[in-house]
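Take a look at this single chain in structure tokens; it is the form predicted on its own.
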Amino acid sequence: MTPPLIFELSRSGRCAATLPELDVPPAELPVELLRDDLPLPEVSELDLVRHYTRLSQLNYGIDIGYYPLGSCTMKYNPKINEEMARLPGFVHLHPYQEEETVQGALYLIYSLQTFLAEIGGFAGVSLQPAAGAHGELTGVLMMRAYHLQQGDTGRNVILVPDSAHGTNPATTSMSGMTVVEIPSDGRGNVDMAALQAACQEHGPRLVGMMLTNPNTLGLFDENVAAISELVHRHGGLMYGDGANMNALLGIARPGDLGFDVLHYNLHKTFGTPHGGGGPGSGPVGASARLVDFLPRPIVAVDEARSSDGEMFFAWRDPPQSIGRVKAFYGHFGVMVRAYTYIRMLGAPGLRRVAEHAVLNANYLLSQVRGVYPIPYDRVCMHEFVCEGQVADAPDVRALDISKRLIDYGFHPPTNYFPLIVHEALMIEPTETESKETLDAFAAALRQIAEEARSDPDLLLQAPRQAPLRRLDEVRAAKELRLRWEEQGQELL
């Protein structure tokens, strides 16, 4: 039985809150805040509590179940991170405070800059970018600034593999650059012959290359060193998309592989809950060649104000900085969580994160191999991509498999990405899921494959046990209806 909606329970005169008598003169509300035409429901406190409690139980979260969302790294985030981010000494800071009054916060920022530089193999880091795509934009602007400072004003081409993150081409275009796509070879690497041809054709105009490694197929590019050498030989720079850094922690450093600049996703790799639009943080690490172009300001040790072995931290501007890319200094709460995550795990723990993430992905891959086609079937990193198709079930597609997973209690994986895989299902188990969870998920995928052959309508009509059945998602995006309407007695 579906409980009544809060609007249906509304009765004139009911109130969910009791306010004390005023002990000060009443103030007039601004006219623009008063809306007589807004039909807010009048309900009791109990009705209100039950309404929002029911809504919360419809939410899917990492504390409830497993997210196999490839490329998103939706892993469990330790609660200690949240406790540290809520400490009064951090929560009540203001970015305009004098440096003398915020030495603890500046120490944390300085330490996190240092940690990330060491993890990535870079000369310096800026924590200012607010998200991964923002970090991409920052990195490309730094590459452009470097070439302009060198007097290379004609460089405007950036190479982007077809296995890159979808934001890479958008970043290039927003920076005023031209995208040249590089195809993948039969093993899921960058096609070296195509790259060689592109470098020869665009050499004098080459800004650099944006390489996601591991790429969106979940594969480590076997030619990464040769790619870096080739791009550098033609005067270009290497940008690293660090969204998949979860697979590399403590094992491989992008700076050692030839990358000149890379963004980190603190909200993916370093323990901040994300999704639904935030929060995010996309710090940028830079090689010695680009470190002077980092966004300003960054935290440095002020030797003149340090004394008796006690360091004094202050804001400093890199000499060739591209300027600010965000108001103030970045998302500080996310920085606190990342700092806590790194300090709790230490270097050995960070390496285990990557080892377990790669182990879990390869184990899950082994459980579905032979059931779903694997277009690039080799040892994967932290994620893998299979085709959402089942032999002898031609009408069943990736979307149907994903919708059916909801009936088994699992969040669907990433669908239809990367675009180079037909009916793609992109699956990332992360390091925090147990073998029992992975076995249950693999068993559900195998059972769904059997259903696709024996009773495909089960999949074509899924989900059957969710609060809402299959929606017209395209129409919903185009024709937004975000309020309850009495005519249909529906909550939209």
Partner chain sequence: MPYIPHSNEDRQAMLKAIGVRSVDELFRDVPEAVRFPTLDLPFPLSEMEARWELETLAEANFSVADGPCFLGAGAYHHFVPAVVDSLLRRGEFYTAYTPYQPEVSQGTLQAIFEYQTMICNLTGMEVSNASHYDGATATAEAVITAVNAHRLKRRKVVLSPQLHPEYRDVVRTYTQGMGLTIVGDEDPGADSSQLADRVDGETACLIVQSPNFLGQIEDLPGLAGAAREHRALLVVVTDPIALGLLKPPGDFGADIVVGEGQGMGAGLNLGGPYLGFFATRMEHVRKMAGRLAGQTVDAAGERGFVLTLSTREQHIRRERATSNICTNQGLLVLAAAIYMAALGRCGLRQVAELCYHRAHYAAGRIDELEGFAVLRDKPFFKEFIVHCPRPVREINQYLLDEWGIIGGYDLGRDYPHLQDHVLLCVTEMNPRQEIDVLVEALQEVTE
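Rigid core here is just the name for the largest C-alpha set that superposes within 1.5 Å across the two forms. Positions refer to the first chain, counted from 1. Here the structure is a predicted model, which is why all the values come from computation and not from measurement.
From this point on, the text means the form predicted in complex with its partner chain, which you will not see here.
The three marked residues, 38, 220 and 296, each reach its partner chain in the model of the complex, with a heavy atom inside 4.5 Å. A residue is said to contact a partner when one of its heavy atoms sits within 4.5 Å of a partner heavy atom; residue 165 meets this definition for its partner chain in the model of the complex. Among residues of the shown chain, residue 205 is not one whose heavy atoms approach its partner chain to within 4.5 Å in the model of the complex. At a distance threshold of 4.5 angstroms between non-hydrogen atoms, residue 446 is out of contact with its partner chain in the model of the complex. Contact check for residue 279: a heavy atom falls within 4.5 Å of its partner chain in the model of the complex. Screening 230, 393, 291, 354 for any heavy atom within 4.5 Å of its partner chain in the model of the complex leaves a single hit, 354. This chain appears without its partner; in the model of the complex, the one residue of 123, 371, 192, 87 with a heavy atom within 4.5 Å of its partner chain is 87. Residues within 4.5 angstroms of its partner chain in the model of the complex, judged by any non-hydrogen atom, belong to 90-98 and to none of the other stretches in 193-201, 90-98, 230-238, 383-391. Taking its partner chain as positioned in the model of the complex, the residues of 108-133 that bring a heavy atom within 4.5 Å of it are, in sequence order, 108, 109, 115, 118, 119, 130, 131, 133. After superposition on the rigid core, the Cα atom of residue 446 is displaced by less than 2 Å between this form and the one not shown. The Cα shift for residue 44 between this form and the one not shown, taken after rigid core superposition, is 2 angstroms or larger. With the core held fixed between this form and the one not shown, residue 54 has its Cα displaced by at least 2 Å.
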